[in-house]
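Take a look at this single chain, the form predicted alone, given in structure tokens.
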Amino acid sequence: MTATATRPAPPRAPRAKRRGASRQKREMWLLMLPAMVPVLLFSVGPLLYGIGLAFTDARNTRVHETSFVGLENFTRMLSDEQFWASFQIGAIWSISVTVLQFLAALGLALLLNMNLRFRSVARVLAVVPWAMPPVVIGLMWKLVYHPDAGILNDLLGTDINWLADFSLALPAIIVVGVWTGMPQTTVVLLAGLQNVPKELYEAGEVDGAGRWRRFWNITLPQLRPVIVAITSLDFVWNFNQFGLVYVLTQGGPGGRTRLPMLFAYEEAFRYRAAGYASMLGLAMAIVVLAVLGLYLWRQMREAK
């Protein structure tokens, strides 16, 4: 007979240690509970309720009985020409504002990163629009664009009604969107510029690289993660824009500035179609999640 050797069992953690770990977990959840309850009540709860409404014929009336309609709202959305028109306007708005916002913010960040006189004052002034509520910004720019008393017409010597013109209303609000969102993009890009090692610029100067080559071969590659992050977030924020455009034009003239959020708002509160408006909101949420998913995928790919 041959004796078989048995591997000794791994030592078990002391019971007191296991109890201490479980107690720490309970304390962690208790500490997180005050922060999680508002999130569940005011974010997750309404989100789930809105998803449920998207598959019903709910209306904002007291006498209507809500019933489940399945994908009826979805098929209605696919055949709704007004929705696709608003989606096209929203895409033009989001892409234009995001691109112009980035270019203007990059130029301003490069300027504020130089050793200029009164640089601190210039940095403070550059973030002033960021501190202003969208409603205040909208009212201020309505005065700028006013056809009779607006400063823009006074400077140009014209009497154009910028926000009521079918061909000028969308470009006019795009300018406002760029001005509104540029400060936060500038702050992020300025922080990225200050983290670029100065040794890289010194090495580029030694190799004979000019200012443009140093910008193209050193600054932009070093800023790439920051650029991808802030442009993705800017696109999401711009696509979900509501208050600023509502104050400026309320979607007019003739729907030329009706963004998807404005279209969903009108369906919910003007036409009382809460179920259909919820489906519109769900579709826009899917678009936003797709953009964020693409951003996260790129980040994970670059990390590997």
Partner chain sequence: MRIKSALAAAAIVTLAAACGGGGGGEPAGPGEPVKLDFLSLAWQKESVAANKELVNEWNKAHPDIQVTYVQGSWDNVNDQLVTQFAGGTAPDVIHNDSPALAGFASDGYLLDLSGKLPAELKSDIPQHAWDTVTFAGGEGEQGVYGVPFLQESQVIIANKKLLDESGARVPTPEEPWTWDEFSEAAKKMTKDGRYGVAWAMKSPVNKTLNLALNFGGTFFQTTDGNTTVKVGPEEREVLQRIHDQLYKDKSADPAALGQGTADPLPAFFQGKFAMLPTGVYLRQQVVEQAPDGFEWVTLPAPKGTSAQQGAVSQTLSIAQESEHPDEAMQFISFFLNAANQAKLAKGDWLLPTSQKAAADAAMTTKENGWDVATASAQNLVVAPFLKVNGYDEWRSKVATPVLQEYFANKISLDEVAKRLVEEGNQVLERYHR
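So that the term is clear: the rigid core is the largest set of C-alpha atoms that superpose within 1.5 Å between two forms. Numbering follows the first chain given and starts at 1. As the structure is a prediction and not an experimental result, all values here were calculated from the model.
The following text describes the form predicted together with the partner chain, which does not appear among the structures shown.
In plain terms, the part of the chain that comes close to the partner chain in the predicted bound form, with a heavy atom within 4.5 Å, is 141-149 out of 169-177, 100-108, 125-133, 141-149. Within this chain, residue 48 lines the site of the partner chain in the predicted bound form, having a heavy atom no more than 4.5 Å away. For the chain shown alone, residue 31 is not a contact residue for the partner chain in the predicted bound form, no non-hydrogen atom being within 4.5 angstroms. Residue contact with the partner chain in the predicted bound form: residue 95 places no heavy atom within 4.5 Å of it.
Using a 4.5 angstroms threshold between heavy atoms, residue 217 stays clear of the partner chain in the predicted bound form. Along 258-279, a non-hydrogen atom within 4.5 Å of the partner chain in the predicted bound form is carried by 258, 263, 265, 267, 268, 269, 270, 271, 272, in order along the sequence. In the core-superposed comparison between the shown form and the other one, the C-alpha atom of residue 68 has shifted by less than 2 angstroms.
The Cα position of residue 34 differs by 2 Å or more between the shown form and the other one after fitting on the rigid core.
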